[in-house]
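In structure tokens, one chain follows: the form predicted alone.
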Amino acid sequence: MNIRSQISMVFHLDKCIGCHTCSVACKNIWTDRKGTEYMWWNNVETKPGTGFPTKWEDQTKYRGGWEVRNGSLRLKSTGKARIIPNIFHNPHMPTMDDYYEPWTYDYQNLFNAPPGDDQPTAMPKSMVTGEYIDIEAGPNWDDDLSGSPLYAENDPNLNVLSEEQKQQLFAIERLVMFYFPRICNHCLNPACVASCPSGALYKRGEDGIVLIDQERCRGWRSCVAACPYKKTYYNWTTGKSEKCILCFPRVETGQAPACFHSCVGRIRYLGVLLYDADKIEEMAKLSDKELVNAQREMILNPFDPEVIAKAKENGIHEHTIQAAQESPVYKFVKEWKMALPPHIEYRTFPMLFYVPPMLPVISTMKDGMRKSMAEGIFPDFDQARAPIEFLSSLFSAGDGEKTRYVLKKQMAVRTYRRAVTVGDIDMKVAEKMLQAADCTIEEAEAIYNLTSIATLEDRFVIPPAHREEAIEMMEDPLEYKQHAGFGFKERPARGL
């Protein structure tokens, strides 16, 4: 048993309001430099939709993630025999058209235009070439366009639906959307790390954060192609790859990452998970439908004395174990089984989990009265505006039962709390729903507390970093303290 610790995350999609505050916070801090104009380490997509970059979920086009071939686990995009022919050009890498050409505006024309009868305008200019351009795409170009034939109808997750379901989904009375915020998943089995010819990408042993060493990076861009979530980017000025660093300078000082701290809807949770690294390869070879349970099996109980003893043997600090015991992520993922990984079939074992949204059930109007098509104590989730197959394709590798389990538990907790606070639902009915949803009253109260009225300390349980212990293996911590930071003081330059 090789126990390691991992900073992990949960996004509660039922609470996301699509305000993009998280994206702007990240952009202002990390990607406001030349060469990073098109990078959005945090972005918020509208589902159904094509996302950013366009159709990033289409792995027949991008070939990201892992696949099992002849009983062996291998990267889809590259390998020992395939790296040399594609080392200067990877045919599965997104192009500028898949992202967008970043632009600014010619504001000087507003200030310096001569007097005239017409209002002066600020023309858009490319931030790459400096030429005037016609804007045709942007980082969130399909925002709120869930009924658009250009965007929503091209969502790769719709491929699991029948033609009749697709037509019904885009009927005016069934139009539906939800927001899908994304950052780097800091996976347990990161394809970007495995693909790098320079060994510049690495996964930190103390907290599992995936980083790129800017001094070792040679700009091969294998990581861009290999990441199935397309959360590694190429800086065209420095010739280096860059990605979300989970605001590790903030995490090391006990602060939540900027996108987490700024979240208006309070949808984000951050905590520590303990997992068995020896099981990664074995579990990644299982069938798609088995992967969700396999990942949960890898996550260990931080209260188990044997796990605690093995963790300490492996150098995991007592403060980290304590944080794992208080982790909100452990509750959502392991105890309550309410949070699911995005596209687990890519076999990277993402450590960012999502609580699927509760989508409205179809209803009809007759004689001025609204009637829901749902019958019984639970709504028929197959009658929801977004088919259960769509959500399952996104969050549980097509396993509809796992998605239904989450939705039933959410509905049961919501009904129970309504019975408590409003009183227009009989408590016996609420308790019956809880029992049918595999949920006790105590668990329902805990879910309500963490979902609705949690404090900052409840949502973000960050252990002390103890960086001095990680550094002392290489040099004197007191000497290192004088130059602590990103590891170098000069700006990254192109080439060797």
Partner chain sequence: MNSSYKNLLIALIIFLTANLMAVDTAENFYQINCKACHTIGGGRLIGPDLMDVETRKDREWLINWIEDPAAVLASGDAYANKIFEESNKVPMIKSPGITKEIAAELLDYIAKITSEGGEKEVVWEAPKFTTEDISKGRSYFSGSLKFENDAPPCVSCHTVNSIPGLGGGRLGVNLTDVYQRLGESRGLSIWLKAPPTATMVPIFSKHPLNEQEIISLMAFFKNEVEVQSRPQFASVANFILYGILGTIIFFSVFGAIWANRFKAVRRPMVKGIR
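Positions refer to the first chain, counted from 1. Every value quoted in this text rests on a predicted model; they were computed, and no experiment measured them.
What follows is about the form predicted together with the partner chain, which we do not show.
Stretch-level contact analysis of 344 to 352, 148 to 156, 280 to 288, 109 to 117 against the partner chain in the predicted complex, using heavy atoms and a 4.5 Å limit, identifies 148 to 156. Comment: the partner chain is not present in this chain, but in the predicted complex one of 46, 43, 54, 451 has a heavy atom within 4.5 Å of it, namely 54. Though the partner chain is absent from this view, in the predicted complex it lies within 4.5 Å of a heavy atom of just one residue from 460, 62, 66, 38, which is 62. Annotated contacts: 251, 293 and 296 are all free of the partner chain in the predicted complex [non-hydrogen atom within 4.5 angstroms]. The shortest heavy atom separation between residue 136 and the partner chain in the predicted complex is within 4.5 Å. The partner chain is not drawn, but in the predicted complex it has a heavy atom within 4.5 Å of residue 89. For residue 306, no non-hydrogen atom is located within 4.5 Å of the partner chain in the predicted complex, even though that partner is not displayed. Contact annotation for residue 215: none of its heavy atoms lies within 4.5 Å of the partner chain in the predicted complex.
Contacts to the partner chain in the predicted complex (heavy atom within 4.5 Å) from stretch 76 to 113: 85, 86, 89, 91, 95, 97, 98.
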